[in-house]
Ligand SMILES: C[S@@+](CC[C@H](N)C(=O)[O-])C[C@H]1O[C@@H](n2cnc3c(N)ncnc32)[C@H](O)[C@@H]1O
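This document starts with one chain, in the form predicted on its own, laid out as structure tokens.
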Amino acid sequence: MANERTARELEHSRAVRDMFSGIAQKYDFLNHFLSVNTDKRWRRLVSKKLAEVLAREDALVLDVACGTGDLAVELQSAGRARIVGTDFCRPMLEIAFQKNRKCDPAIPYVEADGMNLAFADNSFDAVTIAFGLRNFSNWRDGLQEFHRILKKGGRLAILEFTTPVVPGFKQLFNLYFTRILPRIGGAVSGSRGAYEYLPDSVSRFPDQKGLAAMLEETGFSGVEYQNLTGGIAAIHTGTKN
């Protein structure tokens, strides 16, 4: 299990859970609208990174902080592996369960904290997390938990917002991200605070090289990352030794 968490970390987790509970019904619409559906392409790229694992009928893959289930559904559609989703926000999971009407077999979803997962050591062939790691109260502890539940040779794939790398575009995107997005997200969801939290959480999160270094320090090998859409987001991958 992950290390014992401080009172501050537990309060952070409660605040994040409450925030996502409040925007759950508008979450999918805003994700697709605010990204002009680019988020769908990013998730397809995650599945391509794990194509070898997903092609195996005997493989077991865990999607952590699965939210409303979009990545879990994409992973299942991309291969024959068994997919399990987990998230600590029940209103988000309720929407994920509704999407099971289009899934055969149905994807099992488990309500659980990604930093304290009730799975045995060496259980999964791959672990994924999309736009969830930066919300953890302790990123390093979260990575250690992923490492624990992966089998030897298991793959980790992280899709997360990060630091744009294209000059000029970086400034333009930051203007949109910090000024325009919170206004639109707040107007549609009724919670401007949630969409002010988004750019703030990204600004505090390690950049591409920083996250890669953290993965290596946690015990992952072959760590690589691919910038997406000028570095708005990136996919980091690594393998458990």
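Computed from a predicted model, the values in this text were never measured in an experiment. Counting begins at 1, following the sequence as shown.
One more form of this protein exists, namely the form predicted together with this ligand; it is left out here, but the text below deals with it.
Among 180 to 188, 45 to 53, 203 to 211, 61 to 69, which stretch has residues whose heavy atoms lie within 4.5 Å of this ligand in the predicted complex? Result of the contact check: 61 to 69.
This ligand in the predicted complex: contacted by all of I158, L228 and A234, heavy atom 4.5 Å: Spot residues vs this ligand: no contact at all.
Of A130, V127, I83, L143, the one that lies within 4.5 Å of this ligand in the predicted complex (heavy atoms): Going through each option in turn, the one that passes is A130.
Contact label in the predicted complex: E74 to this ligand, heavy atom within 4.5 Å: E74 lies outside the contact set for this ligand.
Residue-level contact is defined here as any heavy atom of the residue lying within 4.5 Å of this ligand in the predicted complex; does V16 satisfy this criterion? V16 belongs to the contact set for this ligand.
Quick one: is F173 in contact with this ligand in the predicted complex, heavy atoms, 4.5 Å cut-off? Close contact is absent here: in the predicted complex, F173 is far from this ligand, nothing within 4.5 Å, heavy atoms only.
Even though the partner isn't displayed, in the predicted complex is N135 close enough to this ligand, meaning a heavy atom within 4.5 Å? N135 belongs to the contact set for this ligand.
Any residue of 7 to 32 with a heavy atom within 4.5 Å of this ligand in the predicted complex counts; write them all down in order. Those in contact are V16, F20, Y27, N31.
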